[in-house]
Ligand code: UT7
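One chain comes next, on its own, written as structure tokens: the form predicted on its own.
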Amino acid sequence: MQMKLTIAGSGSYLPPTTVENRDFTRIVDTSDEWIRSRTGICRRHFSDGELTVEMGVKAAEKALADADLAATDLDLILVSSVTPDYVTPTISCLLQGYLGADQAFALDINVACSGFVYGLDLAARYLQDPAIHHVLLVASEKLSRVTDFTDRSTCVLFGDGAAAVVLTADGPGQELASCLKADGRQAQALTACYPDRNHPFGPALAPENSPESSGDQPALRFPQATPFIHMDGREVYRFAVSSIEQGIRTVTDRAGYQVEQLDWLIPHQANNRILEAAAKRLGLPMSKVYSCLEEIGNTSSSSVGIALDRCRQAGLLQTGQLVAFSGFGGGLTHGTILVKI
């Protein structure tokens, strides 16, 4: 289903502390060459104590200024994050109150790194309601909060940052097709759990008494899960490459286009090897795959939004272009949408 969707404004924010690859050599057994060759990452940004919502506010204010709109013009605020500051209140409510977006209702999304793409599709669907004119979509992530800095295989991957876009149905843009998927049977490939506290009225459920994987039902408890990110790199790599390929082929086919007609693919910024492998399968030159991974690392759901903003502010996104946005991550989830700018 084609839906009106125009990007009226965009903004992004990276905290000022920049951590180079060589900085990790002081805390884990690694090297700049090892990190660059396996990920494509050179540096990333970490919060100096800023909350997830504070970073989101800074990106949102830039997007509103870029769109030349006041917060009171907003009808809906969507916020994607896997690293919220509170169980309650939600980031979207905190952001709505701080901005003074008195006319907007607020909703949080948590589908990990796919969140910005899911949010774009959700915004497009809400904008079909004639009562909704402007949607603010924010993705803000403080992955340093859930990173195990003793695990050399994962700690070098992640960064903090936020992105925001103001979306409207009043413009030339369209969402031409979408492909949103989830595969909970592979959930244990990427996990981080909440710290748990036992209540005082009885023993907690012992892990050995928890439902186990059997037949068609996967396990509900993962013995490797901690409050830090745990990742099966090989499994996530396979999932990511196939998800990008499947998503792009699905949305171009549904909209009646060929893959080679894409002007840009703006994917989740996770690993250059993933992007290169997916582009090769699609027959898409890397010159059409926008990446800022080298400068920001993996910022989960913020990464597509940061890349979108950088691409747009550089003047690379032009009216009439065919652009695919693709995300993949914990859940496992993946999502791709095709947009005519």
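The shown structure was predicted, so the numbers you read here are calculated from the model rather than taken from an experiment. Residue numbers here begin at 1 and follow the sequence given.
Same protein, other form: the form predicted in complex with oxa(dethia)-CoA (UT7), not shown, and the subject of what follows.
Contact with oxa(dethia)-CoA (UT7) in the predicted bound form, defined as a heavy atom within 4.5 Å, is made by none of 14, 164 and 295.
Proximity of residue 234 to oxa(dethia)-CoA (UT7) in the predicted bound form falls within the 4.5 Å heavy atom cutoff. Interface residue remark: residue 271 is counted as part of the site for oxa(dethia)-CoA (UT7) in the predicted bound form, having a heavy atom within 4.5 Å.
The shortest heavy atom separation between residue 79 and oxa(dethia)-CoA (UT7) in the predicted bound form exceeds 4.5 Å. By the criterion of a heavy atom within 4.5 Å, residue 328 is counted among the residues contacting oxa(dethia)-CoA (UT7) in the predicted bound form. A single residue from the set 177, 132, 190, 71 has any heavy atom within 4.5 angstroms of oxa(dethia)-CoA (UT7) in the predicted bound form; that residue is 190.
Interface residue among 125, 181, 152, 254 relative to oxa(dethia)-CoA (UT7) in the predicted bound form, by the heavy atom within 4.5 Å criterion: 152. The partner is not drawn, yet in the predicted bound form one stretch among 193 to 201, 234 to 242, 71 to 79, 117 to 125 has residues with heavy atoms inside 4.5 Å of oxa(dethia)-CoA (UT7): 234 to 242. Taking a 4.5 Å heavy atom cutoff to oxa(dethia)-CoA (UT7) in the predicted bound form, the one contacting residue in 99 to 129 is 113.
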